[in-house]
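Next comes just one chain, in structure tokens: the form predicted alone.
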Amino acid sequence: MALSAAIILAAGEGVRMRSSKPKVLHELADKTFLERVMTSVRRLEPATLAVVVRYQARRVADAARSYGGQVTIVEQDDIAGTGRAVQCAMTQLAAKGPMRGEVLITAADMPLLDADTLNELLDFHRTSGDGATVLTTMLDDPTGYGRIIRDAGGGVLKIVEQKDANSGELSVHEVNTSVYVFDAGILSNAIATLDANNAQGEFYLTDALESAKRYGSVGAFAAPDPLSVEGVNDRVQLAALGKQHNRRVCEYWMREGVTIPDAETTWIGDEVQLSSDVTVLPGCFLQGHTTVAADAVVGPYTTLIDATIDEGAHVERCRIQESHIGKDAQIGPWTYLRPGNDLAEGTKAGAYVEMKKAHIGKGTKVPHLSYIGDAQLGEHTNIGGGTITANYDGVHKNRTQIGSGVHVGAGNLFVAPVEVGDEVTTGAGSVVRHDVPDGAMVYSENTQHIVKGWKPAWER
């Protein structure tokens, strides 16, 4: 039977996070919990994907819609509990027509829940013929989780929440992960009779499993990887889970031929792509859609965000965002490349250099203490230390173009818009306000001039 619907429960506040932001919008490895769970669930191709919201409902709903694909937003009313969330969802989904097949239910606070685990759960459910199946896991410390209580035959007798459990039930280490598969008809019948007769005064979804036994058997499937179903309730758990996940990511890349001397201080996002023989030194953060080609060296202490690093480049002690670094380029230390840069093969951006929307030609060097913004530099040009392209006139960002084979003296200022030709030499301390032809030499006298009552052209 097809997966008729998937319901993601994202209504909770997450009080223990102590945050003004809903828990499901906190991030692990650059993605929110909700985005991660939605991505995994979508891979099962449910006919309908529903997200139940309540706390800061509009904010969570907007986030869910922003992750792409079709999503049905269900607003839970003021009645608390996961059971009530599912009641609201089933009522809204049933209004579109009778539901048949399977319904997957999962919480949105398990950021490492993966499609493989969900597919195994579905396969188990279909093979067993149970009317409902709960995904469980074994924990050394089950504190905070609902306990799975089995009958003598190994079937699921009930799930007892921590605050409702007696001493014997609290000693059980098999716990509920808040992921379920129900036959749609059985689920509809089971949630119809829920009540709030418990310590929390809430409608528990776990009580629906006991009701489901009147219509069919209830089974349990243990997740093969406990990390994939670990929930997050506070920032201590989030930090611990993030560290475990990152360790696995680093180990994966090491087995793919990447050298990572210190996985404890190296953080690599899920979308990052690394080639064999890349070296990632300690203290690095690789985020977004960053790609690093073979024989490149990253770090130490480097942040790459949506960056492309070509073969043999070396980037150290720098921050590079949405920029391309060419083959054998040298970047750093203490370099800041803001979005939009394209540095060609054999280029250099040295100590305390900042760039923004700069196109740097092959072999060109910007060694130190310079700002190059909204500029295009030709090939084999050398920029003296302390050079600035003055690209902002108070209203517009203007471009500077410097040709190939240019030797720029120390402490130059290029007042954009300005164009400098090929094979030009500029003297130290020059202020270049006008275009310079090929092969020329340009310098400025160090004379101070005062123009009283001056206003910029746009004000005049």
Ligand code: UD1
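Everything quoted here is computed from the prediction, not taken from an experiment. Each residue number is its position in the shown sequence, starting from 1.
Although not depicted, the form predicted together with this ligand is the subject of the following passage.
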Candidate site R16, Q76 and A107: all three near this ligand in the model of the complex by heavy atom within 4.5 Å: yes
Checking M99, A80, A263, A222 against this ligand in the model of the complex, the residue with a non-hydrogen atom inside 4.5 angstroms turns out to be A80
Considering S178, T364, Q87, T302, which brings a non-hydrogen atom within 4.5 Å of this ligand in the model of the complex? S178
4.5 Å heavy atom contact, T206 to this ligand in the model of the complex: yes
Report yes if any heavy atom of I320 sits within 4.5 Å of a heavy atom of this ligand in the model of the complex; otherwise report no. no
How about Q244 - does it come within 4.5 Å of this ligand in the model of the complex, if we only consider non-hydrogen atoms? no
Looking in the model of the complex, any heavy atom of E161 within 4.5 Å of this ligand? yes
Picking from 138-146, 244-252, 117-125, 335-343, which part of the chain touches this ligand in the model of the complex when contact means heavy atoms within 4.5 Å? 138-146
Could you list which residues of 347-382 come within 4.5 Å of this ligand in the model of the complex, counting heavy atoms only? none
